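This document opens with one chain alone, in structure tokens, the form predicted alone.
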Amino acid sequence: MCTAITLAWREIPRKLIRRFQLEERVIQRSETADKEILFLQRHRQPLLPVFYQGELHILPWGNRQRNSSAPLAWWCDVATLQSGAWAQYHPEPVEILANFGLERGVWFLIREGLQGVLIHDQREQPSVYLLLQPASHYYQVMTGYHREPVFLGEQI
């Protein structure tokens, strides 16, 4: 799984930082490190930086609203997606921009980003779900978890 990601501060346009009040989510790993924006699944308003239709968007991470027709989840398993179980939602592939991911207290490097799917509910409100796949042996040893995000352009 993956319960948080970060993206370098400089990769997000200032207008999006202001609009979504991302200043509150800034972290810095050391005095010399670049500032990063933290996107936690457990934030009161979980968000993800998503490349969709040719531009960067900040969109809701999954769905917690019971009055929404979108699935109540933050992740979608690749096998579930491939089985057609989510076909009724018309999921669209998206790229989730990230530099680091977090699982069970272990930070790991993300070189190109993560794969996700975007779903619109009955009111056309979007939700983005992180795609998961069976974890590699390395990922399982590193995080102790049997599912990992679908990495773009790499397998860790």
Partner chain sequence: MGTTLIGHIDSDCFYVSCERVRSYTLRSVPCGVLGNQGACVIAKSYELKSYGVKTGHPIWEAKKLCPHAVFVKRDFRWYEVISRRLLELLKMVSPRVEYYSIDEMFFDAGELQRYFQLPLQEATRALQTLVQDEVGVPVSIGIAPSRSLAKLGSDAAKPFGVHIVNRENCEAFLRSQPVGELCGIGRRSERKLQDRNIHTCWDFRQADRLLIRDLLTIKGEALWWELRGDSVTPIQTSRPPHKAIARGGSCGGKTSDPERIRAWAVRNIERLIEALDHHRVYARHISLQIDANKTALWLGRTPLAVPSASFRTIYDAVMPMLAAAPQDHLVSHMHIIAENLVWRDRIQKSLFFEDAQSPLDQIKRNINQKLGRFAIRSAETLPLHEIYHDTTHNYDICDISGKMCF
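A quick note: this is a predicted structure, and the numbers were derived from the prediction, not measured. Numbering follows the first chain given and starts at 1.
This next part talks about the form predicted together with the partner chain, which is not shown.
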Thinking of 33, 100 and 109 as one candidate spot, does the partner chain come within 4.5 Å of a heavy atom in every one of them in the model of the complex? yes
Though the partner chain is not shown, can you say which of 123, 43, 90, 29 has a heavy atom within 4.5 Å of it in the model of the complex? 29
At the 4.5 Å heavy atom threshold, is residue 16 in contact with the partner chain in the model of the complex? no
In the model of the complex, is there a heavy atom of the partner chain that lies within 4.5 Å of any heavy atom of residue 10, even though the partner is absent here? yes
Contact between residue 54 and the partner chain in the model of the complex at 4.5 Å, heavy atoms? no
Does the partner chain come within 4.5 Å of any heavy atom of residue 136 in the model of the complex? yes
Exactly one listed stretch (45 to 53, 123 to 131, 100 to 108, 63 to 71) reaches within 4.5 angstroms of the partner chain in the model of the complex by non-hydrogen atoms, and it is 100 to 108
Restricting to 120 to 156, the residues within 4.5 Å of the partner chain in the model of the complex through any heavy atom are 136, 137, 138, 141, 142, 155, 156
